[in-house]
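Here you get one chain, nothing else, as C-alpha coordinates; it is the form predicted on its own.
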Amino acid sequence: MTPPRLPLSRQPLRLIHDRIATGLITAGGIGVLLAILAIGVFLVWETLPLLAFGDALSLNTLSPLAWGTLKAALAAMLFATPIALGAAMYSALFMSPRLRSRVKPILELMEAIPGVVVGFIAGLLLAPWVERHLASTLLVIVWLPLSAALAGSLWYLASARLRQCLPLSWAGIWLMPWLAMMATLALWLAPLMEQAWFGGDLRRMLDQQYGLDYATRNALIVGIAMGFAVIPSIYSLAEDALADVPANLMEGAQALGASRWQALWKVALPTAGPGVFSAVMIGAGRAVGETMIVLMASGNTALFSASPFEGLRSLSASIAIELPEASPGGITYHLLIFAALALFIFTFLVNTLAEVVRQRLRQRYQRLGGNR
(Lines give C-alpha, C1' and ligand atoms only; values in the text may rest on other atoms or scores of the structure.)
Protein backbone atom coordinates (compact mmCIF):
# COMPACT_ATOMS: atom_id res chain seq x y z
CA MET A 1 0.00 0.00 0.00
CA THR A 2 1.35 3.40 -0.97
CA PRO A 3 1.88 5.65 2.06
CA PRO A 4 -0.06 8.91 2.04
CA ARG A 5 1.78 11.89 0.57
CA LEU A 6 2.81 14.42 3.17
CA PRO A 7 1.89 18.10 2.79
CA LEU A 8 4.54 20.32 1.26
CA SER A 9 5.30 21.91 4.62
CA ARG A 10 6.08 18.49 6.20
CA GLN A 11 8.19 17.02 3.36
CA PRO A 12 11.94 16.69 3.95
CA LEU A 13 13.90 19.77 2.90
CA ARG A 14 16.17 17.75 0.60
CA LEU A 15 13.19 16.37 -1.30
CA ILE A 16 11.90 19.89 -1.83
CA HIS A 17 15.30 20.98 -3.12
CA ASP A 18 15.39 18.02 -5.51
CA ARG A 19 12.01 18.92 -6.93
CA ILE A 20 13.00 22.57 -7.37
CA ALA A 21 16.24 21.57 -9.11
CA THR A 22 14.37 19.13 -11.36
CA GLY A 23 11.87 21.83 -12.28
CA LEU A 24 14.63 24.34 -13.07
CA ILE A 25 16.54 21.84 -15.21
CA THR A 26 13.38 20.89 -17.09
CA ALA A 27 12.47 24.53 -17.64
CA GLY A 28 16.00 25.27 -18.84
CA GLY A 29 15.93 22.39 -21.33
CA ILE A 30 12.53 23.42 -22.67
CA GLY A 31 13.75 27.03 -22.88
CA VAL A 32 16.74 26.02 -25.00
CA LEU A 33 14.51 24.05 -27.37
CA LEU A 34 12.08 26.95 -27.66
CA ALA A 35 14.96 29.36 -28.34
CA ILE A 36 16.28 27.16 -31.15
CA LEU A 37 12.77 26.84 -32.57
CA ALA A 38 12.30 30.61 -32.34
CA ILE A 39 15.54 31.21 -34.25
CA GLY A 40 14.40 28.87 -37.03
CA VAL A 41 10.96 30.46 -37.20
CA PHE A 42 12.47 33.95 -37.35
CA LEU A 43 14.84 33.00 -40.18
CA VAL A 44 12.05 31.36 -42.17
CA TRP A 45 9.75 34.36 -41.61
CA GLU A 46 12.40 36.83 -42.75
CA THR A 47 13.14 34.69 -45.82
CA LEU A 48 9.55 34.51 -47.04
CA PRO A 49 9.61 38.03 -48.59
CA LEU A 50 12.07 36.72 -51.17
CA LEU A 51 9.10 35.13 -52.91
CA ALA A 52 7.67 38.59 -53.57
CA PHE A 53 10.65 39.71 -55.64
CA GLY A 54 9.83 37.26 -58.40
CA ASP A 55 12.23 37.39 -61.34
CA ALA A 56 14.31 40.07 -59.65
CA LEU A 57 15.63 37.44 -57.26
CA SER A 58 18.60 35.45 -58.47
CA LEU A 59 19.95 32.84 -56.09
CA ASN A 60 22.99 32.58 -58.35
CA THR A 61 24.49 35.36 -56.26
CA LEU A 62 24.74 32.90 -53.37
CA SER A 63 26.35 30.14 -55.42
CA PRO A 64 29.96 31.41 -55.09
CA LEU A 65 29.39 31.92 -51.38
CA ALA A 66 28.03 28.40 -50.91
CA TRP A 67 30.96 27.04 -52.93
CA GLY A 68 33.40 29.02 -50.80
CA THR A 69 31.82 27.66 -47.63
CA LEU A 70 32.12 24.07 -48.80
CA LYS A 71 35.63 24.67 -50.12
CA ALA A 72 36.83 26.11 -46.82
CA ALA A 73 35.19 23.30 -44.82
CA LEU A 74 36.66 20.63 -47.11
CA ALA A 75 40.15 22.14 -46.84
CA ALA A 76 39.86 22.25 -43.05
CA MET A 77 38.61 18.67 -42.80
CA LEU A 78 41.35 17.35 -45.10
CA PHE A 79 43.89 18.93 -42.77
CA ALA A 80 42.24 18.17 -39.43
CA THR A 81 40.69 14.71 -39.83
CA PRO A 82 43.87 12.61 -40.33
CA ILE A 83 45.70 14.42 -37.52
CA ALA A 84 42.79 14.30 -35.07
CA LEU A 85 41.85 10.68 -35.72
CA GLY A 86 45.49 9.56 -35.67
CA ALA A 87 46.01 11.32 -32.34
CA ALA A 88 42.78 9.82 -30.98
CA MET A 89 43.73 6.27 -31.97
CA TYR A 90 47.20 6.56 -30.49
CA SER A 91 46.02 8.29 -27.32
CA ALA A 92 43.19 5.84 -26.62
CA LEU A 93 44.88 2.54 -27.47
CA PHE A 94 48.65 2.96 -27.48
CA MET A 95 49.68 5.85 -25.23
CA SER A 96 50.84 5.35 -21.67
CA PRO A 97 48.06 6.15 -19.16
CA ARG A 98 50.37 8.55 -17.36
CA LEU A 99 51.20 10.44 -20.55
CA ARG A 100 47.55 10.33 -21.70
CA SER A 101 46.38 11.98 -18.48
CA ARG A 102 48.58 14.97 -19.33
CA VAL A 103 48.31 15.17 -23.10
CA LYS A 104 44.55 14.81 -23.51
CA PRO A 105 43.56 17.81 -21.33
CA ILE A 106 46.11 19.99 -23.14
CA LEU A 107 44.71 19.05 -26.55
CA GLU A 108 41.15 19.63 -25.35
CA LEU A 109 42.11 23.07 -24.01
CA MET A 110 43.09 24.06 -27.56
CA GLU A 111 39.36 24.31 -28.27
CA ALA A 112 39.20 27.33 -25.96
CA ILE A 113 41.43 29.39 -28.26
CA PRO A 114 39.18 32.08 -29.82
CA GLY A 115 38.69 31.86 -33.56
CA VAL A 116 39.62 35.52 -33.95
CA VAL A 117 43.06 34.79 -32.49
CA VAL A 118 43.63 31.90 -34.89
CA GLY A 119 42.41 34.03 -37.80
CA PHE A 120 44.68 36.91 -36.77
CA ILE A 121 47.76 34.68 -36.68
CA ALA A 122 46.81 33.01 -39.96
CA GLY A 123 46.12 36.24 -41.81
CA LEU A 124 49.01 38.36 -40.56
CA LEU A 125 51.75 35.80 -39.90
CA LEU A 126 51.07 32.49 -41.63
CA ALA A 127 49.80 33.83 -44.97
CA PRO A 128 52.81 36.11 -45.74
CA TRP A 129 55.25 33.38 -44.68
CA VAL A 130 53.59 30.77 -46.91
CA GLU A 131 53.59 33.26 -49.80
CA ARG A 132 57.35 33.70 -49.48
CA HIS A 133 58.03 29.97 -48.90
CA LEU A 134 55.35 28.17 -50.89
CA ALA A 135 57.62 25.30 -51.95
CA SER A 136 58.82 24.81 -48.37
CA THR A 137 55.25 24.75 -47.06
CA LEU A 138 54.07 22.16 -49.57
CA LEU A 139 57.14 20.01 -48.98
CA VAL A 140 56.64 20.08 -45.20
CA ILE A 141 52.94 19.16 -45.57
CA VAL A 142 53.87 16.14 -47.71
CA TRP A 143 57.09 15.16 -45.97
CA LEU A 144 56.02 15.13 -42.32
CA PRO A 145 53.48 12.27 -42.69
CA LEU A 146 56.02 10.29 -44.71
CA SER A 147 58.71 10.91 -42.10
CA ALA A 148 56.33 9.68 -39.37
CA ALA A 149 55.72 6.50 -41.37
CA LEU A 150 59.49 6.18 -41.85
CA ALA A 151 60.03 6.47 -38.10
CA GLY A 152 57.49 3.70 -37.53
CA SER A 153 59.21 1.45 -40.06
CA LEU A 154 62.62 2.05 -38.49
CA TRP A 155 61.21 1.34 -35.03
CA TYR A 156 59.70 -1.92 -36.29
CA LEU A 157 63.03 -3.01 -37.80
CA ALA A 158 65.07 -1.95 -34.77
CA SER A 159 66.45 -4.37 -32.19
CA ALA A 160 64.50 -5.37 -29.12
CA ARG A 161 66.88 -3.41 -26.90
CA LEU A 162 66.30 -0.19 -28.85
CA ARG A 163 62.53 -0.74 -28.77
CA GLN A 164 62.75 -1.08 -25.01
CA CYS A 165 64.57 2.25 -24.82
CA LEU A 166 61.98 3.85 -27.13
CA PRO A 167 58.64 2.30 -26.09
CA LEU A 168 55.67 2.76 -28.36
CA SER A 169 53.54 4.03 -25.47
CA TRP A 170 55.86 7.08 -25.18
CA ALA A 171 56.25 7.68 -28.91
CA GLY A 172 54.45 10.99 -28.51
CA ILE A 173 57.56 12.25 -26.69
CA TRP A 174 60.53 10.71 -28.49
CA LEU A 175 58.95 11.23 -31.93
CA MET A 176 58.89 15.02 -31.56
CA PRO A 177 62.69 15.53 -32.02
CA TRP A 178 62.54 13.29 -35.10
CA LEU A 179 59.73 15.31 -36.67
CA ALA A 180 61.50 18.57 -35.82
CA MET A 181 64.63 17.28 -37.53
CA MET A 182 62.64 16.16 -40.58
CA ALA A 183 60.90 19.54 -40.80
CA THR A 184 64.28 21.31 -40.65
CA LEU A 185 65.59 19.02 -43.38
CA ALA A 186 62.56 19.78 -45.57
CA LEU A 187 62.98 23.54 -45.09
CA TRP A 188 66.65 23.22 -46.07
CA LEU A 189 65.97 21.07 -49.14
CA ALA A 190 62.95 23.02 -50.43
CA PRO A 191 64.89 25.98 -51.96
CA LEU A 192 67.31 23.58 -53.67
CA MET A 193 64.46 21.51 -55.10
CA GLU A 194 62.59 24.64 -56.17
CA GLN A 195 65.69 25.89 -57.98
CA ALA A 196 66.32 22.56 -59.68
CA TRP A 197 62.77 21.59 -60.64
CA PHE A 198 60.78 24.81 -60.89
CA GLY A 199 63.30 27.35 -62.10
CA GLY A 200 63.62 28.97 -58.71
CA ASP A 201 60.02 30.24 -58.51
CA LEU A 202 57.18 27.77 -57.95
CA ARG A 203 54.52 30.47 -58.02
CA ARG A 204 55.60 31.73 -61.44
CA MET A 205 55.70 28.20 -62.82
CA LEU A 206 52.17 27.50 -61.56
CA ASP A 207 50.94 30.72 -63.15
CA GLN A 208 52.65 30.26 -66.51
CA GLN A 209 52.09 26.55 -67.06
CA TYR A 210 48.82 25.85 -65.23
CA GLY A 211 47.21 29.29 -64.96
CA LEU A 212 47.02 29.06 -61.16
CA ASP A 213 47.16 32.51 -59.65
CA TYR A 214 48.39 32.63 -56.05
CA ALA A 215 46.62 34.91 -53.60
CA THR A 216 48.18 35.79 -50.26
CA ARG A 217 45.10 34.70 -48.34
CA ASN A 218 43.65 31.60 -49.92
CA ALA A 219 41.96 28.27 -49.27
CA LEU A 220 45.25 26.67 -48.25
CA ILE A 221 45.70 29.17 -45.42
CA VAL A 222 42.05 28.78 -44.39
CA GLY A 223 42.40 24.99 -44.37
CA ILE A 224 45.47 25.06 -42.13
CA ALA A 225 44.07 27.67 -39.72
CA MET A 226 40.53 26.31 -39.51
CA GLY A 227 41.81 22.74 -39.39
CA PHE A 228 43.89 23.70 -36.35
CA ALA A 229 40.74 25.04 -34.70
CA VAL A 230 38.67 21.94 -35.55
CA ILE A 231 41.24 19.35 -34.42
CA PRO A 232 40.36 19.49 -30.67
CA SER A 233 36.64 18.86 -31.29
CA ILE A 234 37.24 15.83 -33.49
CA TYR A 235 40.01 14.48 -31.27
CA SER A 236 38.07 14.70 -28.02
CA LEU A 237 34.94 12.93 -29.28
CA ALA A 238 36.81 10.30 -31.29
CA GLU A 239 39.20 9.57 -28.42
CA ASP A 240 36.32 9.06 -26.00
CA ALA A 241 34.62 6.68 -28.45
CA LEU A 242 37.78 4.62 -28.93
CA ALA A 243 38.63 4.60 -25.21
CA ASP A 244 35.13 3.31 -24.39
CA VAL A 245 35.50 0.20 -26.56
CA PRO A 246 35.05 -2.79 -24.19
CA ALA A 247 38.44 -4.13 -23.16
CA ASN A 248 37.31 -7.75 -23.60
CA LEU A 249 36.99 -7.20 -27.36
CA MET A 250 40.59 -6.01 -27.70
CA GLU A 251 41.87 -8.71 -25.38
CA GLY A 252 39.94 -11.38 -27.27
CA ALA A 253 41.34 -10.26 -30.62
CA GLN A 254 44.90 -10.29 -29.27
CA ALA A 255 44.32 -13.68 -27.64
CA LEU A 256 43.36 -15.05 -31.06
CA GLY A 257 46.72 -13.92 -32.47
CA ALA A 258 45.99 -10.41 -33.74
CA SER A 259 48.56 -7.71 -33.17
CA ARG A 260 47.58 -4.48 -31.48
CA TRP A 261 47.49 -2.74 -34.86
CA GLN A 262 45.24 -5.46 -36.33
CA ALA A 263 42.98 -5.26 -33.28
CA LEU A 264 42.72 -1.51 -33.84
CA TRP A 265 41.64 -1.80 -37.47
CA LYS A 266 39.53 -4.94 -37.22
CA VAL A 267 37.90 -4.50 -33.80
CA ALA A 268 38.26 -1.04 -32.25
CA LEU A 269 37.48 1.11 -35.29
CA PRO A 270 34.41 -0.89 -36.42
CA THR A 271 33.06 -0.90 -32.86
CA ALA A 272 33.69 2.81 -32.31
CA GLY A 273 32.80 3.69 -35.91
CA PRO A 274 29.56 5.54 -35.05
CA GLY A 275 31.33 7.63 -32.44
CA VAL A 276 34.19 8.45 -34.80
CA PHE A 277 31.70 9.36 -37.52
CA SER A 278 29.87 11.58 -35.05
CA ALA A 279 33.13 13.36 -34.18
CA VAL A 280 33.92 14.02 -37.84
CA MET A 281 30.40 15.30 -38.51
CA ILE A 282 30.49 17.70 -35.56
CA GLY A 283 33.87 18.96 -36.75
CA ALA A 284 32.44 19.51 -40.22
CA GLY A 285 29.53 21.43 -38.74
CA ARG A 286 31.89 23.76 -36.92
CA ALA A 287 34.02 24.21 -40.04
CA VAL A 288 30.96 25.21 -42.09
CA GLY A 289 29.79 27.73 -39.50
CA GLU A 290 33.19 29.26 -38.68
CA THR A 291 33.26 33.01 -39.35
CA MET A 292 36.29 34.86 -38.01
CA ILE A 293 38.98 32.53 -39.35
CA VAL A 294 37.49 32.59 -42.84
CA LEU A 295 36.93 36.33 -42.62
CA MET A 296 40.55 37.09 -41.71
CA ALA A 297 42.42 34.41 -43.69
CA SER A 298 40.51 33.93 -46.97
CA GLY A 299 40.77 37.27 -48.77
CA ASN A 300 36.94 37.41 -49.05
CA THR A 301 36.86 37.05 -52.84
CA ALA A 302 33.73 35.34 -54.14
CA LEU A 303 35.34 33.05 -56.71
CA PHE A 304 34.00 29.86 -58.25
CA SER A 305 37.38 28.13 -58.30
CA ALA A 306 38.69 24.77 -57.08
CA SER A 307 42.29 26.00 -56.78
CA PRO A 308 43.63 25.91 -53.21
CA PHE A 309 45.82 28.94 -54.02
CA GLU A 310 42.94 31.33 -54.69
CA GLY A 311 40.73 33.17 -52.24
CA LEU A 312 37.15 32.43 -51.31
CA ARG A 313 34.20 33.91 -49.49
CA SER A 314 31.86 31.95 -47.25
CA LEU A 315 28.24 32.49 -46.30
CA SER A 316 29.09 33.26 -42.68
CA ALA A 317 31.74 35.82 -43.66
CA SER A 318 29.33 37.53 -46.04
CA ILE A 319 26.71 37.78 -43.30
CA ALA A 320 29.26 39.30 -40.91
CA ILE A 321 30.44 41.85 -43.52
CA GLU A 322 27.25 42.86 -45.33
CA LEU A 323 24.42 42.49 -42.82
CA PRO A 324 25.28 45.63 -40.77
CA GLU A 325 25.10 47.70 -43.97
CA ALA A 326 22.05 46.02 -45.54
CA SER A 327 18.84 48.01 -45.31
CA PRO A 328 16.03 46.05 -43.60
CA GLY A 329 13.44 44.92 -46.13
CA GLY A 330 15.77 45.04 -49.12
CA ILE A 331 16.72 42.09 -51.28
CA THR A 332 20.27 42.02 -49.91
CA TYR A 333 18.95 41.80 -46.37
CA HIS A 334 16.63 38.91 -47.17
CA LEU A 335 19.33 37.09 -49.15
CA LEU A 336 21.64 37.29 -46.16
CA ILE A 337 18.88 35.97 -43.91
CA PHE A 338 18.39 33.14 -46.38
CA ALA A 339 22.12 32.38 -46.17
CA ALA A 340 21.81 32.30 -42.38
CA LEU A 341 18.86 29.91 -42.70
CA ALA A 342 20.91 27.60 -44.92
CA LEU A 343 23.72 27.54 -42.35
CA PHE A 344 21.23 26.94 -39.55
CA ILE A 345 19.60 24.01 -41.34
CA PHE A 346 22.93 22.43 -42.27
CA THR A 347 24.33 22.72 -38.76
CA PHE A 348 21.11 21.42 -37.22
CA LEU A 349 21.04 18.39 -39.52
CA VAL A 350 24.71 17.60 -38.96
CA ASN A 351 24.40 17.77 -35.18
CA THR A 352 21.18 15.74 -35.23
CA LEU A 353 22.80 13.04 -37.36
CA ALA A 354 25.83 13.00 -35.06
CA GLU A 355 23.60 12.58 -31.99
CA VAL A 356 21.58 9.78 -33.60
CA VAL A 357 24.79 7.94 -34.44
CA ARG A 358 26.09 8.47 -30.90
CA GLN A 359 22.92 6.96 -29.42
CA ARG A 360 23.35 3.97 -31.70
CA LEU A 361 26.91 3.58 -30.39
CA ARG A 362 25.69 3.73 -26.80
CA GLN A 363 23.12 0.99 -27.44
CA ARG A 364 25.79 -1.17 -29.04
CA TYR A 365 28.01 -0.79 -25.99
CA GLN A 366 25.12 -1.69 -23.71
CA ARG A 367 24.50 -4.90 -25.67
CA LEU A 368 28.19 -5.77 -25.59
CA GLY A 369 28.35 -5.07 -21.88
CA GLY A 370 25.34 -7.31 -21.23
CA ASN A 371 26.97 -10.23 -23.02
CA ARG A 372 30.14 -10.14 -20.94
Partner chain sequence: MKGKGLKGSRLQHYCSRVSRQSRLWVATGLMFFCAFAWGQPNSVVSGTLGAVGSDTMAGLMLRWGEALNHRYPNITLQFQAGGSASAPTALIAGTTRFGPMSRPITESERQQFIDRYGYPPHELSVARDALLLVVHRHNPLASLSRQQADAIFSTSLYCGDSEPLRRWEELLPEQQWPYGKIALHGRNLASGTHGLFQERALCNGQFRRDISEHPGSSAVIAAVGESPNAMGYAGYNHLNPMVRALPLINAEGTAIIPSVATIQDNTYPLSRDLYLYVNLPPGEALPLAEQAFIELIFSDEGQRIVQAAGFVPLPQAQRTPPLLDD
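Positions refer to the first chain, counted from 1. Treat the numbers as computed from the prediction; the structure is a model and nothing was measured.
Here the subject shifts to the form predicted in complex with its partner chain, a form of this protein not shown in this document.
S.K.: Of 232, 289, 123, 115, which one comes within 4.5 Å of its partner chain in the model of the complex, counting heavy atoms only?
M.R.: None of the others qualify; the residue that does is 123.
S.K.: Which of 251, 213, 108, 240 has a heavy atom within 4.5 Å of its partner chain in the model of the complex?
M.R.: Here the answer is residue option 213.
S.K.: In the model of the complex, does residue 128 come within 4.5 Å of its partner chain, counting heavy atoms only?
M.R.: Judged by the heavy-atom cut-off of 4.5 Å, residue 128 is in contact with its partner chain in the model of the complex.
S.K.: Does any part of residue 301 reach within 4.5 Å of its partner chain in the model of the complex? Heavy atoms only, please.
M.R.: Within the cut-off, so yes.
S.K.: I'd like to know whether residue 332 contacts its partner chain in the model of the complex, with contact meaning heavy atoms within 4.5 angstroms.
M.R.: Because a heavy atom of residue 332 falls inside 4.5 Å of its partner chain in the model of the complex, the answer is yes.
S.K.: Could you tell me if residue 31 has a non-hydrogen atom within 4.5 Å of its partner chain in the model of the complex?
M.R.: No, residue 31 sits far enough from its partner chain in the model of the complex that none of its heavy atoms falls within 4.5 Å.
S.K.: Quick one: find which of 155 to 163, 222 to 230, 195 to 203, 169 to 177 has residues within 4.5 Å of its partner chain in the model of the complex by heavy atom distance.
M.R.: Selected range: 195 to 203.
S.K.: Given its partner chain in the model of the complex, answer whether the residues 82, 347 and 351 all have a heavy atom inside 4.5 Å of it.
M.R.: Result no, not one residue of the spot touches its partner chain.
S.K.: Which residues in 301 to 324 have a heavy atom within 4.5 Å of its partner chain in the model of the complex?
M.R.: 301, 302, 303, 313, 321, 322, 324, in sequence order.
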